[in-house]
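Next up: a single chain in structure tokens, the form predicted on its own.
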Amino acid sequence: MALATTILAAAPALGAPTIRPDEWSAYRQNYVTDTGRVVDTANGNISHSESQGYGLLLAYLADDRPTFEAIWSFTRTELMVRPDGLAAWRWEEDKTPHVTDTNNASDGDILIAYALGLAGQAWNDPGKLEAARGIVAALGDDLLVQINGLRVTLPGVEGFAVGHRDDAPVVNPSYWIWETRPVFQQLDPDTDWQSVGEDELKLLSLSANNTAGLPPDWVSLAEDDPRPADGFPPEFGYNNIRVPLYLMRAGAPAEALEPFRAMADDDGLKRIDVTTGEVKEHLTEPGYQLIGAALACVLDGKSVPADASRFAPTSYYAATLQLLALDFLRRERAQCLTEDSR
């Protein structure tokens, strides 16, 4: 499959930092504590394995090793408390114990392992590489399932597999971070992570066979045709708005990105009911606007507006996605940006 071969070819090597010192300083001041906790400011100031994973990846891309070490220290001591080597997903400052849900979230585990793998290689740190190998091996052992001939990653160990719910298995496409697969293949050659990525790409496309032409955030695979999972809004929403960013970062060709035109306009991104096509909300923070602008540049050659590329800390999630989009544009599509933004 040419699409899959192409999409699994990219991973950011550390050269000159693609996140500027002023941008990273603003992010750190707004979302990273002195102890290395990465705070989700729009979600009750909790932390989770996803925020810690994003923090590690951004610290690597900003070439800020002291902050990387602090975030990893917090992650290792506060969240790596499960016996299987994966991270507990939810941590709350005002609760005792602080970990209030010990289930894992595979997107957080994937981000943590990916950042450790990249940093371990770039900084010649065998300890980080060994930690990354352990997480990737646990993901392979506990989260991979085969469904109708396709091998994909579940969102968590508990609650999504057959036997855990009537419409299982249930997956979340935004947990499939394709740029990690080449790194995972090197870390864990016993699992064919390249094929897993190819299968997840096929299932992403199958999941978008609905009125909106977009994958719902939570997908039931209990029947031959994927459908929105029970108990979740049938929407392309806050989870999946990062899917096209992940596809661009992984080097996806235009045919994989085309369906996501429907989620973006000049105002930003849209939450969409996949069963009716109704727009439920416009997401207008600069981080969301930049994803839409990057998509327009990759597909149509349109320049990214200066306002969208100017980093402005807003909510943790939008700010995180904005820095990841800037990293992608500066490495792979500098022509999309104005000279001041490159």
Partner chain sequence: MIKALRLATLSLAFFALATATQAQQQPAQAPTTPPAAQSQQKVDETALRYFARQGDQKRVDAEIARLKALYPGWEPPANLLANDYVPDPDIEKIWDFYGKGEYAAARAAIATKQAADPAFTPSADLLHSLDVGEAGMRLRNASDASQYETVVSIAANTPELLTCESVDSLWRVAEALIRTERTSRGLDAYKYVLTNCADPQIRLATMQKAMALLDRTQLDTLFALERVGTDGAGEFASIRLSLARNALADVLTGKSSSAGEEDVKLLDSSARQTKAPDDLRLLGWYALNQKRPADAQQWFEMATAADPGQLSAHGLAVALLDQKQPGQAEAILADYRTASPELTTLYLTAAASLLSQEPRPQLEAVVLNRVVAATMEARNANTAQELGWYAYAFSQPQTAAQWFRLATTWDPQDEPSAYGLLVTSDALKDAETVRAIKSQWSARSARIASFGQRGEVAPTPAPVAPARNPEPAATMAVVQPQPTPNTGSGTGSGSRSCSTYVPPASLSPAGALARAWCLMDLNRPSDAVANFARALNSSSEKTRSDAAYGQSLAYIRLGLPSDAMVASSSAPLSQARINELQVAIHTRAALAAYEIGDYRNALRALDERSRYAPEQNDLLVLRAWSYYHLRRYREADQIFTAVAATGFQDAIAGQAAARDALRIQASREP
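These figures come from a predicted structure and were not determined experimentally. Numbering follows the first chain given and starts at 1.
One more form of this protein should be noted, the form predicted in complex with its partner chain, which is absent from this view; the next part is about it.
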> So in the predicted bound form, does Val157 come within 4.5 Å of its partner chain, heavy atom to heavy atom?
Replying inline: no
> Does Val162 make contact with its partner chain in the predicted bound form, using a 4.5 Å heavy atom cut-off?
Replying inline: no
>> in the predicted bound form, does Gly149 come within 4.5 Å of its partner chain, counting heavy atoms only?
In response: no
> With a 4.5 Å heavy atom cut-off, would you call Thr35 a contact of its partner chain in the predicted bound form?
Replying inline: yes
> Since exactly one of Lys202, Arg261, Arg82, Arg227 fits, which has a heavy atom within 4.5 Å of its partner chain in the predicted bound form?
Replying inline: Arg82
>> I need to confirm a contact call. Of Gly251, Gly134, Pro234, Pro182, which residue comes within 4.5 Å of its partner chain in the predicted bound form, counting heavy atoms only?
In response: Gly134
> Three residues, Glu69, Ser73 and Glu130; all within 4.5 Å of its partner chain in the predicted bound form via heavy atoms?
Replying inline: yes
> For the chain shown here without its partner, which stretch in 312 to 320, 291 to 299, 46 to 54, 61 to 69 has non-hydrogen atoms within 4.5 angstroms of its partner chain in the predicted bound form?
Replying inline: 61 to 69
>> With its partner chain taken in the predicted bound form, which residues across 40 to 62 come within 4.5 angstroms through any non-hydrogen atom?
In response: none
